[in-house]
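One chain comes next, on its own, written as structure tokens: the form predicted on its own.
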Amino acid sequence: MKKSAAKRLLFTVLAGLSFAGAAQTTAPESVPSAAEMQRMQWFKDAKLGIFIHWGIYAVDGIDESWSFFNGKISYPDYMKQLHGFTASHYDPQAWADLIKRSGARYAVLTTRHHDGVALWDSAQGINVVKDTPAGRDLVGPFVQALRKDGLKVGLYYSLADWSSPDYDVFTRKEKRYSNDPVRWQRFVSYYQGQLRELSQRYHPDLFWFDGDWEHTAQQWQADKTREMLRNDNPQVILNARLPGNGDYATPEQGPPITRPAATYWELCLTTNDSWGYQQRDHDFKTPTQVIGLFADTIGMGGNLLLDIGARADGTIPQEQVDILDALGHWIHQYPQAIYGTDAGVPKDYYSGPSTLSADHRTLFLFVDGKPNGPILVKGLMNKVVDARLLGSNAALKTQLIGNAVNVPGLLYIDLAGQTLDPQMSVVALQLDGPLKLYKKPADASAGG
């Protein structure tokens, strides 16, 4: 790593800690090391990933794994779906091209969910190569297609396997055994063996773990798992669902109200109400809703991992294609406000999402809809050198009201007469130096 890049990484973290009045929502749990910042830099800069849930559950369009675990369907009936999983129209390059069009910089594929059905030719357990009509490795071609398009590769893997005869939990009401260390060790060796296959065969940039809640980090031998994967690839990124050993937090479905404490985090979110393909689920989010959720997430310093669910034949529902294309169209108009940015200002200072350029000298304001009047920024200690509407590059009029000695006024930015984005507009404020926000001294008294 070049020395200048290392300095920029350290500045990014320390500057995030110094925003006046925002420490309670922006401070990470601890300042990461230089090595960790280097490893996480591409992830932090990427902002958007696409999650793909694909497995035998798409045959009947039912809940992935949970449908038999929760007793909605019997385990034998669930596993009958193996016979209908064909992947007959699977086009991994088309998948990768769609992901690239969406503006995402990485993707995560479910290589094996809690049902234990692997999408590659694993030497252990159930897999689609030997147990379904698909009859081939489905992971490798997708990895190759992602890399052809210059995208980072993420592989999802569930620690739990409710189909394995050596795993203690079977369904919500049934356990196979309790307190059998020999049998449990067989399972640990099995799951670590599958991870070794994925790591050494596909060399992913990221592992996205799941299914961790049924056992402790010690029982999972999570330290050993992390060491094994890092020995294969010292730069591989691990999510926090490998207990005690992850690089970033993964809030699910519910967008955070305030910024999570973790330095690095990613919101995983479905495009409708289901992770996998379910033909009865037509409750799709609109592009405007997805763009708003995305802006809010990156405005708090996180990434969005947006989920789609492929059909059993490998096709992607058109509604999800349309959402990804619309998101990509919007992102490609405002790349400077998205990629490589830091969290913006807390909403006490600006009521909408915002981001900061890497040098913290440009504040990007995301403007939802068509405001009835000027937009307002409060507590900005900097002088605004220039204000522009991205896309049109139109110069904007600003007005500062109530400015006093050492106390900033109210900055109004006039959008009247401008052609605004029907989804979400972006205003760029060029500052006279790195962002500095006002914080009222704790002992300050009211004036008379």
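The numbering used is simple: start at 1 and walk along the sequence shown. Keep in mind the model is a prediction, meaning the values are calculated, not measured.
There is another form of this protein, the form predicted together with alpha-D-glucopyranose (GLC), and it is not shown here; the text below is about that form.
Colleague: Only one of 322 to 330, 222 to 230, 204 to 212, 80 to 88 has heavy atoms within 4.5 Å of alpha-D-glucopyranose (GLC) in the model of the complex; I'd like to know which.
Modeller: Heavy atoms within 4.5 Å of alpha-D-glucopyranose (GLC) in the model of the complex occur in 204 to 212.
Colleague: Under a 4.5 angstroms heavy atom criterion, identify the one residue in 273, 174, 252, 359 near alpha-D-glucopyranose (GLC) in the model of the complex.
Modeller: By the 4.5 Å criterion, the partner-contacting residue is 252.
Colleague: Can you work out which of 285, 259, 101, 241 has a heavy atom no more than 4.5 Å from alpha-D-glucopyranose (GLC) in the model of the complex?
Modeller: Partner contact (heavy atom, 4.5 Å) among the options: 241.
Colleague: Is the gap between residue 68 and alpha-D-glucopyranose (GLC) in the model of the complex 4.5 Å or less for some heavy atom pair?
Modeller: Flag for residue 68 set to no.
Colleague: Is residue 293 close enough to touch alpha-D-glucopyranose (GLC) in the model of the complex, meaning at least one heavy atom pair within 4.5 Å?
Modeller: No, residue 293 stays farther than 4.5 Å from alpha-D-glucopyranose (GLC) in the model of the complex.
Colleague: Does the 4.5 Å heavy atom contact test between residue 114 and alpha-D-glucopyranose (GLC) in the model of the complex come out positive?
Modeller: Result yes; residue 114 sits at the interface with alpha-D-glucopyranose (GLC) in the model of the complex.
Colleague: Applying a 4.5 Å heavy atom distance criterion, does residue 156 contact alpha-D-glucopyranose (GLC) in the model of the complex?
Modeller: The answer is yes: residue 156 has a heavy atom within 4.5 Å of alpha-D-glucopyranose (GLC).
Colleague: With the partner left out here, which residues of 292 to 316 have a non-hydrogen atom within 4.5 Å of alpha-D-glucopyranose (GLC) in the model of the complex?
Modeller: The stretch does not touch the partner at all.
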